[in-house]
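Next up is one chain by itself, shown in structure tokens, the form predicted on its own.
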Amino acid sequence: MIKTDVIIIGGGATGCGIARDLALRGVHHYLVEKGDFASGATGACHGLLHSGARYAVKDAEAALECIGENSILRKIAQKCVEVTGGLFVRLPGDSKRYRDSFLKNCEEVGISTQVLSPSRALDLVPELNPAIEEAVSVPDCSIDPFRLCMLNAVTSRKKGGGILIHHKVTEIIREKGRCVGVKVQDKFTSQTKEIRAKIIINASGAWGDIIARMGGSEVPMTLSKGSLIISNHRLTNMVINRLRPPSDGDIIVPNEAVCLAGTTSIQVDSPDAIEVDAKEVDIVATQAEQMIPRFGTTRLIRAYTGVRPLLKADDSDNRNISRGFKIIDHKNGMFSIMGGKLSTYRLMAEKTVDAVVDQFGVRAHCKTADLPLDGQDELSGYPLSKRLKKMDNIVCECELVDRDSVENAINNLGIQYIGDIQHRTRLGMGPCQGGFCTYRALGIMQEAGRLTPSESIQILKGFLQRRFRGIKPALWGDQLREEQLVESIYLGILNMGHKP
């Protein structure tokens, strides 16, 4: 049995941020996550560090939180953030009245804006629709959510915190009406561990109500599915938003060598077993093409989806629900942190830890806004310019990931799952979506003694099935031709379809 002060359930940005904050205040803790870091909404987001401008008209509180955290994260997480800047573009038919409200509300919450002529906007982003009537610049940025989570976890580990990824909570242990611990199961060994603590923090996002009910409570939530698409090329060096009330497909975010476009907003009943509908891909691609016409002819390499854990509301339009957050003290040893955004994860963590440390009589103040994230220079694989300097023994040609990086992830970071290598090195995130490099990485894992040949084959089959689910909604044109090539390699050359 493991004993600690605080158990954090959830390894997304908020959970990892809470772990870092607790570590810096000297509170011992364990974080448990059923997948890898950022396996929920954090890893399925745009990768957008909001300026808050998107929410300025309808949700001033969320906008104010975003612009404050935007400034902080640009300072403490420099190696995670690309300071791209952003444009809100107004196309023919978009309301001037909305533009006026947008500018007024941005000014009121302290978001800097500048109105640009069409020619000036096109100078900044040549691929923009030449029919734009004007654009407004805002301090939006691109952010790497996977790296952000892992760097927050670095501080936790350095200060003695426990991190258990790929451990699923199977039970909340209750005694005399209080939550006093958890039982978790190791995904790989099926071994069960028992962890006891004075306080449990439920930071499980869309699974928040499920975890709360395991502890005898509940949290009011609205679950909103959002689907996005990835282009084969980086068509803009700035974040592009549509200057209109938030709706489907109105954001394009540059990320490394590609662009992410989205998103949809569809209410769902469960955070599990969700898939991208082909109609969502059509909607997002069509809307993105209106802002950047080349999106209509650029190859789409993948579609993906996640579930937003929004605060409960009666509004049938999920986009009208506040992006603010709420901390719930269940009065039974469990706290839940619900709502919010990736951009405000640090603030959410700070307020949650403020509520929790009172239980221990800790007087230490939050330091996370002032101290840079630990480990920013050591984490391998980023950015692309760094990878360009080292071109030997390439395992993944699309993302220029070399063998040393893969071996470091396996041997020094203790990776056991092929998807975890991707999150730490970007292996398989490029145009082939792992089709030409995953089997190589599995071979390296096998050489290192982490897998048997039969385990490698089973993992590869599972990977290919998951990969295809993401590619299927965008399967046309060049992407279809590449998928036929991948199929030929695995079925023809590697004989994956053979039944002994």
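Numbering starts at 1 and runs along the sequence shown. What you are looking at is a predicted structure, and each value in this text was computed from that prediction instead of being measured.
There is also a form predicted in complex with a small molecule; it is not shown, and the following applies to it.
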*Let me know the one among Gly306, Gly428, Gly181, Gly249 whose heavy atoms come within 4.5 Å of the small molecule in the predicted bound form, would you?*
Gly306
*Proximity to the small molecule in the predicted bound form, single hit among Ser156, Gln422, Ser343, Thr352 (heavy atom within 4.5 Å)*: Ser343
*asked:* Quick check for you: of 460 to 468, 429 to 437, 42 to 50, 22 to 30, which stretch puts a non-hydrogen atom within 4.5 Å of the small molecule in the predicted bound form?
replied: 42 to 50
_Taking any heavy atom pair closer than or equal to 4.5 Å as contact, tell me whether Ser336 reaches the small molecule in the predicted bound form._
no
*asked:* Taking any heavy atom pair closer than or equal to 4.5 Å as contact, tell me whether Pro254 reaches the small molecule in the predicted bound form.
replied: no
*Do Leu228 and the small molecule share at least one heavy atom pair within 4.5 Å in the predicted bound form?*
yes
_With the partner left out here, check for me: in the predicted bound form, does some heavy atom of Val169 sit within 4.5 Å of the small molecule?_
yes
